[in-house]
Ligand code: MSP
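To begin, one chain is listed below as structure tokens, in the form predicted on its own.
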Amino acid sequence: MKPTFYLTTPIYYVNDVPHIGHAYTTVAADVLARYKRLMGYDVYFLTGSDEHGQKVEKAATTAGETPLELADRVVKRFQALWDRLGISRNDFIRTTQERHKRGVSQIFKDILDSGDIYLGEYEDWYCTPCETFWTETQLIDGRCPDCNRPVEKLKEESYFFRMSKYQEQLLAHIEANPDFIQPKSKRNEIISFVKEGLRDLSVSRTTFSWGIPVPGNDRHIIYVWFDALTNYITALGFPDKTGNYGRYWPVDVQLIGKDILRFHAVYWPTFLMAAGLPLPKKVFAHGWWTVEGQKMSKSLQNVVEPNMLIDKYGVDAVRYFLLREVPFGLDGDFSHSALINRINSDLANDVGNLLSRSTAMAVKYFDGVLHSPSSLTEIDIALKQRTEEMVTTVEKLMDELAFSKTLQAIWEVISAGNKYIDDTAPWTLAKDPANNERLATVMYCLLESQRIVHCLLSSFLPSTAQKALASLGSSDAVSKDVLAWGGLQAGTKIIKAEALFPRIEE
């Protein structure tokens, strides 16, 4: 039996068009999913769409369509973008699907029956764009503290979840599980938020109808966050606890943007505690992207549209930039010049140039047929050891979700490969047939190091790695066995590689 690995992205709200932030989370999750599959895990990778709530109802009315028509239209955009970005998802959950509604109704009913959801009355300031109630003291200049838009006073009958009851239990869980909320700065933020005191949470609305009705009282619609968060178990077949739920829950990693941390690190675990279900092993909140130093916003018209980036620079270049430019967990700044710089220096010059130089020499000196290496000299052993150490380093860094550092570690071996060519000077060896055996060993070490590099890069740059491995006469990276030195066999046919990444003139 393979060990299992379950990871999720947030489900994206259909009142939005896909932007670079959505792409960032989803590409990061895809890289982790591909890497874990390579390492021999049975991976379940979930993404999806959040389709209920007042915002969607309002937007649909404005557009003259039903909420479901709006959702159907926008969901296609997300799914098409994920296909273009090579997202290897196992499932795409929509909150309008019957399997989801069934699970949400069940968990709500379970908590209601246990007495942790009760009927009361609610009066506070409500922000429709954020679907959030705020107290008077939380408002900033009478406006929503999150989005700075106007709020309205609402008084309505509401079901409440006894979140206050779980304050100490949640704190104890966070203390006992240091990895539960990552990075550390976000963990500290949540601890201080919980210590300030948890209030009971309003978990139903009566002012609109687009959502899942409260079991036994259909005047009430289940609060959109209670509905949305439950997708992580309904996609696995909950309330049926056999099958995928039994196999994959609790989730190993939930990747989210830092703006929705409180929902995932406070609301979600307390809902699960109340339902008697296991908690996620890790919630990791990454940073935000600014654009040329400014916050991304529709009003500034600076929202970076991923399809446009793919058209201009190619899928793998975009995937590489997103995960290399900024340490995962910190905020980053997007600019076209930074992206072009990464393509020209890291992708065209370093990895692309190394492969085309190496394969060209193999074709020139040995008609593209690989020979067995003879005994390795000190310089060969150094390259072999660096390559093997990289495999170990990458495993550690990927467990920490340190994508940028992982790529850095791989690039150090790429640089070592370029230096190895300069130090061994194959063109000089080729001048004297007496050096043929030495030349064959140099070519073997050079190409074998790159084979392992591209097996690891297959998680980050899937189509590039596939092309590179094909030119090295090697099949795709499918299991961790391919990461061991010595995979290239004598007699393998090497083909001169085309430029993996053409340089871009600004």
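Residue numbers here begin at 1 and follow the sequence given. Treat the numbers as computed from the prediction; the structure is a model and nothing was measured.
Not pictured, yet referred to below: the form predicted together with the named molecule.
Residue-level contacts in the model of the complex: of A235, I181, A228, L355, one residue has a heavy atom within 4.5 Å of the named molecule, and it is A228. Though the named molecule is absent from this view, in the model of the complex it lies within 4.5 Å of a heavy atom of just one residue from D110, E325, D259, E189, which is D259. Screening 165 to 173, 344 to 352, 137 to 145, 282 to 290 for residues having heavy atoms within 4.5 Å of the named molecule in the model of the complex returns a single hit, 282 to 290. Using a 4.5 angstroms limit between non-hydrogen atoms, E57 is distant from the named molecule in the model of the complex. The named molecule is not drawn, but in the model of the complex it has a heavy atom within 4.5 Å of D50. Taking the partner from the other structure, the named molecule in the model of the complex has no heavy atom within 4.5 Å of any heavy atom of I494.
In the model of the complex, the named molecule lies farther than 4.5 Å from every heavy atom of L488.
Applying a 4.5 Å heavy atom cutoff to the named molecule in the model of the complex picks out no residue from 110 to 142.
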